[in-house]
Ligand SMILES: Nc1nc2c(ncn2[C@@H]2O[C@H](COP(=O)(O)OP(=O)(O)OP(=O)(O)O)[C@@H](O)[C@H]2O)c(=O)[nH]1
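Read the single chain below, which is given as structure tokens and is the form predicted alone.
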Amino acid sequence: MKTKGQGAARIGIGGPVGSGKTALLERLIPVLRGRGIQIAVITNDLVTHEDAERLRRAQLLEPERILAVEAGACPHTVIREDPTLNIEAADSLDRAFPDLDLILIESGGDNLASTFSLDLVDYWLFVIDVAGGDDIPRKRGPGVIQSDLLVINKVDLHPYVGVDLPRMRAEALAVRNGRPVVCTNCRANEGIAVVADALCSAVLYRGA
């Protein structure tokens, strides 16, 4: 992973539309900052800055630590096929804030095929939610299979959408060959510390 001399570690956050990527960011940022970790954020949308503006309104970070990239096309393009715009944005944050530890890069909402270029990120997580159906792990999309960490969000909804949550989690672990899966309820702040622990351990080599 990146050292201080190489700039901040870069973490990708991907997942389908409505899975809760921005909500996860809103919960993660205070937890990470509470551990003394210096953070900046890059959001990606098709033709707006909506997610960046939402984070600025929440006042979780100084506005200048939140940048927006407009994909202008399929969100895959700027996180996988040609991540130049995101790399330039991350480089500019490194220059502006030499003390940064992490740059969190949120993808625009996409489907289960969304993945991050390893030229852009050091580690990436993929967010799905129970409302999307408990068959998502069985579909074996690249985001589910290849991500460093899979987050199953909105677990509080499983009784209302007919999802067998233990089975969904077990099937996710099986298709990922045991790589980590975390269940979260962003609304209630459940599981967020576990996600933060994973990031700290994987890219900052820190414990909780």
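Quick note: we count residues from 1 along the sequence shown, nothing fancier. As the structure is a computational prediction, the values presented were derived from the model and not from experiment.
If you look for the form predicted together with the named molecule, you will not find it shown, but the lines that follow are about it.
- Here the chain stands by itself, but in the predicted complex one stretch of 65-73, 31-39, 142-150, 155-163, 155-163, has heavy atoms within 4.5 Å of the named molecule.
- Heavy atoms of residue 194 never reach within 4.5 Å of the named molecule in the predicted complex, leaving it off the interface.
- Under a 4.5 angstroms non-hydrogen atom cutoff, the named molecule in the predicted complex lacks residue 132 among its neighbouring residues.
- In the predicted complex, at least one heavy atom of residue 21 sits within 4.5 Å of the named molecule.
- Though the partner is left out of this view, residue 186 does reach within 4.5 Å of the named molecule in the predicted complex, counting heavy atoms only.
- The partner is not shown here, but in the predicted complex the stretch 75-113 reaches within 4.5 angstroms of the named molecule through a heavy atom at 106, 109.
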